[in-house]
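Both blocks below hold the same protein chain, though in two forms, and each is given as structure tokens: structure 1 and structure 2.
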Structure 1
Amino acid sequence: MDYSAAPGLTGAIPAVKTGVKRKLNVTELFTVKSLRVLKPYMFLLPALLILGFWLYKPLINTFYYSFTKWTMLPGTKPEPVGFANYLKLFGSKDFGTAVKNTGFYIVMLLPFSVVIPLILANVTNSMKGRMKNVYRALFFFPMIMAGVSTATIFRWLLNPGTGLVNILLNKTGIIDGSISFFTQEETAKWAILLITGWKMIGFSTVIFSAALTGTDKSYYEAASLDGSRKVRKFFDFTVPLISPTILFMVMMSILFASQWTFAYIDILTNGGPYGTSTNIYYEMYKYGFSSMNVGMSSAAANLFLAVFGVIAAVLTTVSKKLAFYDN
């Protein structure tokens, strides 16, 4: 990149601005004019290059690879196969389960990322004194833990033989025997969901608490005089007043549910048993880096992009209509 043009650039412009009487010749005029036009793009260039290299180039590559067959092995080259990858994807039983589970995680994560945090934030917001911050810190704690550590801790807790949860369930007589949470079909995806949710609660609670702190107390006082009670105030004032934040969290939760569950699926269940806890994101990763099937992985990635692109667009439109901004 040639940055040496920049000083000359700044030097050239005042000459035109101050209206120097001498007529510029054609070459001079051309240089000055084109430099002026180019100037903003040169400021943008570093950002555009980084974006292009790390984002748009891989995006285009992924699109291309989805129509090829390739194993990434040294010496091999992508072979064009047309729509074969997509057709195989739609025909695969695992992919169907993955899509269903993705939906499950998205919907079932919403209570953890929106509903429970909203209640917690509201309850702690009306607290007085230091306890408010102590509680908020406790809620936030899971968020700062590394995903792998969280997974390890839960593997201990939910261990079928020595795990605290199984011991307690047995001692209290709720179950007889033990549950192997991560290897039983009925429990695996619920375990993944609860762990992901547990980690998300704190983050959303802090975000909602911040939004609540910014709301004007006098609305609530006026509402008290109008006779509105706690629950009613929550729905009539709290929800609309922090609606931009709520919609933001809903959108985050929907779009990132697959990514947030990824680490736990990979570490705790590997998507099993029999693919019952996998999701589309994990399948994509497996195609690419376990089966070394770049074509399938890229096809899944493209579908993922298309579907979530549509969801994001819809959510943005909806939140524009529903969100209320109190200035």
Structure 2
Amino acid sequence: MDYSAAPGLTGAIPAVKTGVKRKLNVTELFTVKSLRVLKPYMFLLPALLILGFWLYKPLINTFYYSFTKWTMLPGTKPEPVGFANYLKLFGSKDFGTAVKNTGFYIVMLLPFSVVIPLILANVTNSMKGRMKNVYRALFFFPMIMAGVSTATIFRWLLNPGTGLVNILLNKTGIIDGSISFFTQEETAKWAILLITGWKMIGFSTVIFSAALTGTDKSYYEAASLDGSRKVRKFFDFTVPLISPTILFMVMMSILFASQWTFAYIDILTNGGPYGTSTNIYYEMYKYGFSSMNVGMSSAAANLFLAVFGVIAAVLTTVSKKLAFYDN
């Protein structure tokens, strides 16, 4: 019996219609849609705030300081100087030498970061059992050593008086006397290059080994049935199959060569003798913390940010055209 419709009853319960959805008004509908749109960005917000504070804020400050004169001393403030810092850089002989040395390190590190590691990775990839991992660990070990520790070890090894290298060279009759590797113009730059290259070989070898692990082995099996030699397999299959990784390591080597050499320049040669071993990173460091010239340091940083940005864009475009993806 439906008591809600009975006349004369007080406190009757009104009939409730079931199965009817309430329509949202315009304001509620807009709020729901806004929440759906903003929800992904809310998850990204913490990461974006961290990136903005630690990456983009310093980048903006560097751009601003490049047009100022400031020593960072307490009580001093940046003074606007326009493009004076950039003009000084273009007219600086030391900066020109640093640019040339940077090009030298970029080109000469490519064999250590690409060619030699690619060969080592290919050789160890064909090994069986645990020895493969043992060799890879031995190659990677120099990479995990701290830069200061590495520099200290090589300072002892290449010491002109008591260094092991000079002792061996004298005993084998290659030289008569001693070589001061870090204070002679002919050897300082090459010593920095060899130390950095020795550190880089292990890292690149592990990267290439990982790339080789994911290659399709059916290509090599078919080539073996056709009687192809290992050298031909390497150039016909290995290089094309891991070409994206090769191009990636080329890009890494070009963009970070100066950064990888910085620690050894700072500890072993201080950019000398006569600036023959310096690079742009060390020059920026000297401008900012030795000469206390924040404007010059920021201007140098902005110049090479633009240069390396163009290089990265070109290399990315080239990689897309030349890289082979086995899908």
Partner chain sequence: MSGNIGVHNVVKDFGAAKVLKDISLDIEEGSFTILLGPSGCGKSTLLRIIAGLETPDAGFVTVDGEDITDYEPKDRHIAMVFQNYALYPHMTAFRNVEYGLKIRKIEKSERRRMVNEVLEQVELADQAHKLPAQMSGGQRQRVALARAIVKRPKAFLMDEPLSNLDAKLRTQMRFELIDMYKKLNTTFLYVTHDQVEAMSMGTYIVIMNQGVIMQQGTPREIYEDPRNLFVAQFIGSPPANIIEHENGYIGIRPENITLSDTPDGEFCLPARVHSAEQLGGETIYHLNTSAGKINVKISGCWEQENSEPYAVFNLDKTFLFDSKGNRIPDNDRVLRAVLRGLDGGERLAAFSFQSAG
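All of these numbers come straight from a predicted model, not from anything done at the bench. Under this definition, the rigid core comprises the largest set of C-alpha atoms superposing within 1.5 Å between the forms. Start at 1 and count along the sequence of structure 1; that gives the residue numbers used here.
- Comparing the two isolated chains, structure 1 is the one taken from the form predicted together with the partner chain; structure 2 is not.
- Superposed on the core, the two forms barely differ at residue 274: its CA moves less than 2 Å between the two structures.
- In the core-superposed comparison between the two structures, the C-alpha atom of residue 42 has shifted by at least 2 angstroms.
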